[in-house]
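Taking the form predicted alone, here's one chain by itself in structure tokens.
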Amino acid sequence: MSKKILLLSSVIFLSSCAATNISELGDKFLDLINPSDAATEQADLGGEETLVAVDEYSDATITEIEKLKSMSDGALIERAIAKGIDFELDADGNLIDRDKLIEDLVENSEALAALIDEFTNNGGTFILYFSYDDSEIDEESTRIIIDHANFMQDNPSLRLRLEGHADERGTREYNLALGENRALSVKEVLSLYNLDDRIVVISYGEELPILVGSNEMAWEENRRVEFSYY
């Protein structure tokens, strides 16, 4: 019954309109019987815009955001200090704006990823390989280290972790020492560029092989130092 009343009212209204074009009358009639269509369409567009905004983040960035959100204030502060990011604390030593710090850390991470991509695209490499039971830096390795020195000088906010590794031969203790000596040899060259205070050294010995196996191919891959920026 209500639909009939609505339709009858619509017809009476349209008959009083100045518009004489049948198409115009039809458009007005549709507007009357579907008054919510325009609002619904606008809402749909707004939803699409929201989805686009979310899609601007890569899967890696979304994962990083969730990881940061799960951290304690202390862990976030420690990471911010390591990256030279400013933050504010209240009188009790708590973060004043946790969300802002997370946002700054994400931006820092994205900027670092972009720098590393650029360095890689320009021919940069992040792994140095060594001979058996050796920590000496040869001429080719020296050139690679100099590339990293220039990269760090061009980007003063970057910090570097040199990760030393060894193959499976030898005792665990010996390989930890060998991995550390390899990383220290790389740091020694970088120190010529006054970068000591931005570099840390860590050894994993034989614990994190690239290739698992007791053969020369695996051993060659595992005798290495990796450049890890943060």
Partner chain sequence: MKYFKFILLFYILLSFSANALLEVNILKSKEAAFPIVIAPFEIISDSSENIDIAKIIRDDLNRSGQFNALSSDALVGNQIDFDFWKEHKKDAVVFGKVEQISPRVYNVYIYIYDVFSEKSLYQKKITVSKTGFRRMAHFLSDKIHYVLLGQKGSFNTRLSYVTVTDEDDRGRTYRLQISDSDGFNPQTVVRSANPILSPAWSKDQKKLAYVSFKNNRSEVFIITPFMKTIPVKLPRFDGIASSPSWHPNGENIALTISKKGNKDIYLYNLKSEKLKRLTTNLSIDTEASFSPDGKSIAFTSNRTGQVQVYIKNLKTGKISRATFEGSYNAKAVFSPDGRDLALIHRVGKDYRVALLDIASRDLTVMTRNKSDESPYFSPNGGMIIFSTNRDNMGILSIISLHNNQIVELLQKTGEVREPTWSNYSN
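If you're wondering where the values come from, they're calculated on a predicted model, not measured in any experiment. Positions refer to the first chain, counted from 1.
Not pictured, yet referred to below: the form predicted in complex with the partner chain.
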*Pick from 128-136, 91-99, 108-116, 144-152: which stretch has non-hydrogen atoms within 4.5 Å of the partner chain in the predicted bound form?*
128-136
*With the cut-off set at 4.5 Å between non-hydrogen atoms, does Val186 touch the partner chain in the predicted bound form?*
no
*asked:* Can you tell me if Thr171 lies within 4.5 angstroms of the partner chain in the predicted bound form, counting non-hydrogen atoms only?
replied: yes
*Counting only non-hydrogen atoms and a 4.5 angstroms cut-off, does Leu208 reach the partner chain in the predicted bound form?*
yes
_Heavy atom of Leu195 within 4.5 Å of the partner chain in the predicted bound form_ = no
*Taking the partner chain as it sits in the predicted bound form, which residues of 197-222 have a non-hydrogen atom within 4.5 Å of it? Please list them.*
Val200, Val201, Ile202, Ser203, Tyr204, Glu206, Glu207, Leu208, Val212, Gly213, Ser214, Glu216
